[in-house]
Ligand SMILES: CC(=O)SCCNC(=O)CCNC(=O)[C@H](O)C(C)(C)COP(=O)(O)OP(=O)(O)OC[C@H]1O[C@@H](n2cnc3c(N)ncnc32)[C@H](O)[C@@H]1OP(=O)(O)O
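Shown here is one chain on its own, the form predicted on its own, set out as structure tokens.
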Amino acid sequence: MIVNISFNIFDMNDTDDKQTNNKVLTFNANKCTNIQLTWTRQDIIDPPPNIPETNENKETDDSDDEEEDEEQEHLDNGFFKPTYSHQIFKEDNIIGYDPLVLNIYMAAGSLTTYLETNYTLKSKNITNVEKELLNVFSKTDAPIPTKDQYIQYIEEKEAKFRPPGTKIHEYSINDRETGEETNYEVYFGRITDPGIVRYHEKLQVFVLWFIDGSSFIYTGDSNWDIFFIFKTVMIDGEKRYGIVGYCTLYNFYHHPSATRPRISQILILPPYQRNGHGKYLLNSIYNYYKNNDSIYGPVYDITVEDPADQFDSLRNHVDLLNIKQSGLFNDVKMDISTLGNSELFENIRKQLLIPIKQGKICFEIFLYSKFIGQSKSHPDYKNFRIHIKKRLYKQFIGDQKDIPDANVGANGEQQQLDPETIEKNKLNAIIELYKNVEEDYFETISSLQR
């Protein structure tokens, strides 16, 4: 498999500045980037065509932009676009005098790389694309210098690639359109393994493209664990591997002799999203740590560092389903008082490695499912809403950081709000937060019924 990332002339802005009789051209690095996961040599020889577009022939209506973005998210032949480029190119811009040509090839098994660009170290373009990309690509396995050498590598060596680490799980998914079964394998490794470090150094560039505010982990710290998913296919009678996604976890010490792994980064590459791979990956992590000690001893529970909304949804789905399948919510009292049942949530932590706080959120979702369609005047539903609002108040508003106590007047000066207005602002904030909670809980419940 080869990852082909092609920066094309797309959504280009011209300015009136000139140097050496050429206009300065500004490219949006996200919109001009096409990424393709391919499996054959032919895809290396025939990269995707460049599609020039300037402000002169581009629609300016915002709704058209949104439609275009939606269409470009998943293009034919497996093309997709990065979401973020600002950690590679300042303000997501690539600037120069020549029409931009940039193809990045990565063999997605070994992730061996070749960069093809006219914005090279020697070019006179303002943004040195080659230099900026070399800064974020592997230093141990630097990009191959020529396309011919790269093609030779793909033909002679790529088929020999095997995933690093230890295989811990395998599963199959049926293609939604063709119904064809595809096989996947999950691998585990520790950062103390030189093979894991070397492979991760090539893989980590994807977090810059697809996780906002992400950064590279410090691989000199021996506490990191990594899980990988690989797709497997047969090509010319040989089993081949292609990266699908991965997750990094940091192991913290928990007194007196336990480990608390914390999920740091989890990424499923766009062509494989919305196919259930996140659930398989998260469950593989849980199952591994249930059956294996970590650095400081048995795993106490598994926490998450600053989860994004999408991951919260995934986690709630997986955790609630696992609790229901374990039977731990069977025969519990179906009202808000159950949240005080410390023995219940301690058992959930011990058996499923779900933190007590997360276990309680899962029970809130489970309890809310019983109120869907109920009248708001139902006493249990009313108590449920009061409990959630109190929790939200304590979590988000108790310190009053998010509630303004002053307005900006017409003269630009702050005007202190009266206590009644401040309390009204708090109430409105709580109502809005609660609406979001119900929407999230309803989505989790719906996902379990699909």
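For every residue, the number given is its place in the sequence shown, counted from 1. No experiment lies behind these values; they were computed from the predicted model shown. Basically, rigid core = biggest C-alpha set you can superpose within 1.5 Å across the two forms.
The following text describes the form predicted together with this ligand, which does not appear among the structures shown.
Trainee: Let me know the one among 144, 339, 304, 126 whose heavy atoms come within 4.5 Å of this ligand in the predicted bound form, would you?
Mentor: The residue in contact is 304.
Trainee: Which of these residues, 378, 333, 160, 274, gets a heavy atom within 4.5 Å of this ligand in the predicted bound form?
Mentor: Only one option qualifies, and that one is 274.
Trainee: Residue-level contact is defined here as any heavy atom of the residue lying within 4.5 Å of this ligand in the predicted bound form; does residue 367 satisfy this criterion?
Mentor: Residue 367 lies outside the contact set for this ligand.
Trainee: Test of understanding: in the predicted bound form, would residue 210 fall inside 4.5 Å of this ligand by heavy atoms?
Mentor: Residue 210: yes, in contact with this ligand in the predicted bound form.
Trainee: Taking the shortest heavy atom distance, is residue 313 within 4.5 Å of this ligand in the predicted bound form?
Mentor: Heavy-atom contact with this ligand at 4.5 Å: present for residue 313.
Trainee: Using a 4.5 Å heavy atom cut-off, state whether residue 265 contacts this ligand in the predicted bound form.
Mentor: Yes.
Trainee: Considering this ligand in the predicted bound form, find the one stretch among 290-298, 134-142, 150-158, 304-312 with heavy atoms no farther than 4.5 Å from it.
Mentor: Going by heavy atoms within 4.5 Å, the stretch is 304-312.
Trainee: Aligned on the rigid core, do the two forms place the Cα of residue 176 2 Å or more apart, comparing between the shown form and the other one?
Mentor: Where the cores coincide, residue 176 still shows a C-alpha shift between the shown form and the other one that is 2 Å or more.
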